[in-house]
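One chain is shown next in structure tokens, namely the form predicted on its own.
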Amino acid sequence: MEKSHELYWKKVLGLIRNVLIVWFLCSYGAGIMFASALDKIKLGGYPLGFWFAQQGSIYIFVALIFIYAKLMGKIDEEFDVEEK
């Protein structure tokens, strides 16, 4: 039981870490750090760095919410702790 508990939290924390990495890369990385390089690419007539800073990050954040919920549900099912 204790081993299963540790493995559960290891998987949950790994999922949270991965979601935060994607969030950071999209918001800070694409919107600020790599914006000048991404601005060479146009998306809908706007530079890609600008698009990430204004709209793209929001779309990705919303997608991350659904992805997190889906993957968290799978982890809960795997360890038989899902809500019924």
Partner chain sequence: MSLQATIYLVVGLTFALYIGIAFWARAGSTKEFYVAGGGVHPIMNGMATGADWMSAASFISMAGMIGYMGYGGALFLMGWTGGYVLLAMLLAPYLRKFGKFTVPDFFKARFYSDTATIVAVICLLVASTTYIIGQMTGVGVAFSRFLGVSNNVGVVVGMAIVFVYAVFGGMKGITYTQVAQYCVLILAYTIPAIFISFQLTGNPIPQLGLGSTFSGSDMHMLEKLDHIVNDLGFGKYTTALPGDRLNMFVYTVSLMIGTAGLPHVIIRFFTVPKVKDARSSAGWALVFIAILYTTAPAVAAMARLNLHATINTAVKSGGDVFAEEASVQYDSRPEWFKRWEVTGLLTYEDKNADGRIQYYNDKSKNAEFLAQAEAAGWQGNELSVNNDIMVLANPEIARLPNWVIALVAAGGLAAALSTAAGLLLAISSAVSHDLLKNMFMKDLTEKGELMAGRIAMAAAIVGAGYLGMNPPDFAAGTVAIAFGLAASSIFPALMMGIFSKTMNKQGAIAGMLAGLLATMFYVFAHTGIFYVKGTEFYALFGGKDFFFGISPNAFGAIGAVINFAVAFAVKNMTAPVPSHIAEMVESVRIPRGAGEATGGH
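Numbering follows the first chain given and starts at 1. Keep in mind it's a predicted model, so treat the numbers as computed, not measured.
What follows is about the form predicted in complex with the partner chain, which we do not show.
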If you check in the model of the complex, is residue 35 within 4.5 Å of the partner chain, heavy atoms only?
yes
Give a yes/no on whether residue 82 approaches the partner chain to within 4.5 Å in the model of the complex, heavy atoms considered.
yes
Wondering, does residue 58 line up within 4.5 Å of the partner chain in the model of the complex on heavy atoms?
yes
Taking heavy atoms and a 4.5 Å limit, what residues of 5-40 are near the partner chain in the model of the complex?
5, 8, 9, 12, 13, 16, 19, 20, 23, 24, 27, 28, 31, 32, 33, 35, 36, 39
